[in-house]
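For reference, the chain that follows is the form predicted on its own, supplied as structure tokens.
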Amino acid sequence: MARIALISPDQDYGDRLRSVGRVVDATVVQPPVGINVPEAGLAAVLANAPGVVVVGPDVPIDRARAWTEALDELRPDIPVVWAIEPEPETWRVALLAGARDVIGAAATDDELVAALRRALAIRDRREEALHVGSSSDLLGAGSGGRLIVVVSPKGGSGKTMLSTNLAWGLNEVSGGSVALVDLDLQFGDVATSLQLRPEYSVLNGLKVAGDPTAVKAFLTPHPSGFHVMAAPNNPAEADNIDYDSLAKLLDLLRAEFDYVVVDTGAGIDEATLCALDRATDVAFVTTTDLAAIQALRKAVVVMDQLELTAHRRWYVLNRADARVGLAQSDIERSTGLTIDVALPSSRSVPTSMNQGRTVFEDDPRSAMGRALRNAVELFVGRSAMKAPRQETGGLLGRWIGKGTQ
């Protein structure tokens, strides 16, 4: 049975939450902690081994933020839900602090049950991620590392930003080997985003797809330690793809590397389908506008119809705090999908990409840096992450830490 910890002085709400908790097969505990001192009360909360933490009601927003940031720093695997009136500014603060959901204290029991189920589903998915390495149904005995395909049916969603930061983050904290493949064969810009000047591309790799030594010679090393297989320079060359060779190339890279991150083009073309057929993980990226959400849902339906289901699926909401789109709860309710990582709007993204750097390198302590850390943890698991190396000024070594933009 799951455990939910409530941080609030409101005993009546605690009684209500305990009643609702029984519906979702969860035990609710309400540790007697002072809401003004999260540093002192955090140990008491975590001693109850909660799978979800609810903050509020009767907790001021600044204190809710302090509790959430403290939990996010020590136990980012535990989803946090705010039981505070969901005004636009509250949502913005909650997302920046690391909360997963905001639901008003006056919400109906059905709405509260739905919020708790979403949070518990996230908890379950994160726990499963810790054991994916031994999952024979997805990885297969001795079949190699994880092939993470980053997909979005709509352009401009942030696929390349997520792909490059995943590659950097996985390389930095997992201790494993990482390759990044640009399968946006016509307009791929992974190399440009990382300020690399590759001599070779995917097309070169296809010609030697059965030879590990030759394939590695066509990879471009990134200064941080991972390797990149770039897209062709000429969009017309994308027509010269042999998909049997592409399948062999992806299989070979997965056998040679612990993590292979695949950036794809907009929509689902043949190259993307080839990668999806071999994926252990698929990270769907969407934004809050209606067209992007509808396209995401259609893509999921198409993949199910094609029986492309032998992988774990993760849903990433980019620019989640945008005030011109749908709220995260609306998206989850309308699509039936659970958002695993919410990425805030951030100046760090265009600034870092224009400099040929990742957010982890350029602004690791920002809200976006912390959110991207959560994305990396989907594939590594917090317990398996090593401390990143220290560099000049100690900035990179503190990218797991707290901070604001």
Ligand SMILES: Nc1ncnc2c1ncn2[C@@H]1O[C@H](COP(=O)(O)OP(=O)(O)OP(=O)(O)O)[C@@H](O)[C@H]1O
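Residue numbers here begin at 1 and follow the sequence given. These figures come from a predicted structure and were not determined experimentally.
Quick note: we don't show the form predicted in complex with the ligand, though the next part is all about it.
Which residue among Met161, Val81, Val228, Val215 has a heavy atom within 4.5 angstroms of the ligand in the model of the complex? Spelling it out, the residue with a heavy atom inside the cut-off is Met161.
Of the residues Met368, Val380, Val341, Val55, which one places a heavy atom within 4.5 Å of the ligand in the model of the complex? Spelling it out, the residue with a heavy atom inside the cut-off is Met368.
Wondering, does Gly175 line up within 4.5 Å of the ligand in the model of the complex on heavy atoms? Gly175: no contact with the ligand in the model of the complex.
Does the ligand come within 4.5 Å of any heavy atom of Ala266 in the model of the complex? Judged by the heavy-atom cut-off of 4.5 Å, Ala266 is in contact with the ligand in the model of the complex.
Is Ser346 a contact residue for the ligand in the model of the complex, using a 4.5 Å heavy atom cut-off? Contact with the ligand, yes.
Does any heavy atom of Thr280 come within 4.5 Å of a heavy atom of the ligand in the model of the complex? Although the ligand is absent here, Thr280 would stay clear of it in the model of the complex, with no heavy atoms inside 4.5 Å.
Of these, 62 to 70, 350 to 358, 46 to 54, 33 to 41, which stretch puts a heavy atom within 4.5 angstroms of the ligand in the model of the complex? Result of the contact check: 350 to 358.
The ligand in the model of the complex - contacting residues of 288 to 323, heavy atom within 4.5 Å: Contacting residues: Asn318, Arg319.
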